[in-house]
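Taking the form predicted alone, here's one chain by itself in structure tokens.
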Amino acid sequence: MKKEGEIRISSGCAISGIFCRDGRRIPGEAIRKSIAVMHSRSNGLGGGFAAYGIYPQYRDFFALHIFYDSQSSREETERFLDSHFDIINLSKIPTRPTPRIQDAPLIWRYFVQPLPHMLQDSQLDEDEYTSRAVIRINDSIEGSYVVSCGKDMGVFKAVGYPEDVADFYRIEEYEGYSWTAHGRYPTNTPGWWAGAHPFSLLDLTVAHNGEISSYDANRRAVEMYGYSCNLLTDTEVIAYMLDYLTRKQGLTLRECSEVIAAPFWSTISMKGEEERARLSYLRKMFSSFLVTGPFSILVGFRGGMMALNDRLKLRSLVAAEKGSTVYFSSEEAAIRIIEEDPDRIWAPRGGEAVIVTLGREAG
């Protein structure tokens, strides 16, 4: 795949999210309209979307979105999939010719479930079995990149401005209860198809505005637990850390926010005894998972979304509500273009996680 953006340029990036707490599924045109307002925060080297609730007819199967550099990498990957999964359906992901989207890889979609005898022999649950298979493909099959592998959700990304990426993937034809979007302005890493945001593992997706100065420490820590960071963009490590903390360590997302955007020790010292002990434990137990540097992130997961700033709020993040719908964005204008009169609009504090789930209020 073509890799660009080798020179260092000023930071930008844009994130936007829409979440319907009542489970109402809305077309992708709304998120396209929101992210397009922030066109100038991108530079055409990456754009993407994550959507949940888009595959109701296949909701019980893992949906694999895969980029291939060549027909041979596709054939090798499909041999691997055929020996580890029951492939329920496979097809090219529908796209349309879009002048500003060039050098597209082969883009395929597979709905799969682990082969029962392979799953039994592995002594793993289906999530761990699938995540290991995905990491193996990305790590060992040249020219093959699994960019999405959750249930009833998908990631759509490319090199290009996000509104062009939306047109390319025909985003308006999908309906979901949760949408996140990203417009990229890469600084230290190349702009290439698999390196665009959001990053995903199982049903977790991460779209990120900022720069992770702790990347090397975070990467070394997470790779100790079987993950492999090979997509040439620092944000990838956040998705793996969140997967490890939630799925393998059993932390809630709010506890995860207190790990990756942990309060300063001076702040912890002013808490009550029980809260001070809890926060101190998280900081000490998962010290290598603290993310330093400026960031604002949107984390999608099945049934919910989390928005989070770094502790010093060095990147912009705005939230709003209208009825049962919650909005997040880098700029207020990107919310008001799709909801002119929100019931409530606010800027979350640094390190303050805003978590929304189906049927529950923002908080």
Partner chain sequence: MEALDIRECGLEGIRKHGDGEITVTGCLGERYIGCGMKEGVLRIKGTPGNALASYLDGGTVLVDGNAQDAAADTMNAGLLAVNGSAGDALAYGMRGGRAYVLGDAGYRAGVHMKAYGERKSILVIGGRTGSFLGEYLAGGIIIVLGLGYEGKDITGYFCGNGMYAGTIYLRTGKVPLNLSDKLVKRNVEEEEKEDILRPIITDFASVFSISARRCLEGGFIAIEADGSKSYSQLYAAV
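Positions refer to the first chain, counted from 1. All of these numbers come straight from a predicted model, not from anything done at the bench.
Missing here is the form predicted in complex with the partner chain; even so, the following discussion is about that form.
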query	finding
Among 100-108, 115-123, 263-271, 69-77, the region lying within 4.5 Å of the partner chain in the predicted complex by heavy atom distance	263-271
In the predicted complex, residue 30 touching the partner chain (heavy atom, 4.5 Å)	no
Residue 316: touches the partner chain in the predicted complex, heavy atom cutoff 4.5 angstroms	yes
Partner contact for residue 331 in the predicted complex: the partner chain, 4.5 angstroms, heavy atom	yes
Contact label in the predicted complex: residue 350 to the partner chain, heavy atom within 4.5 Å	yes
Residues within 4.5 Å of the partner chain in the predicted complex, restricted to 93-111 and counted by heavy atom	none
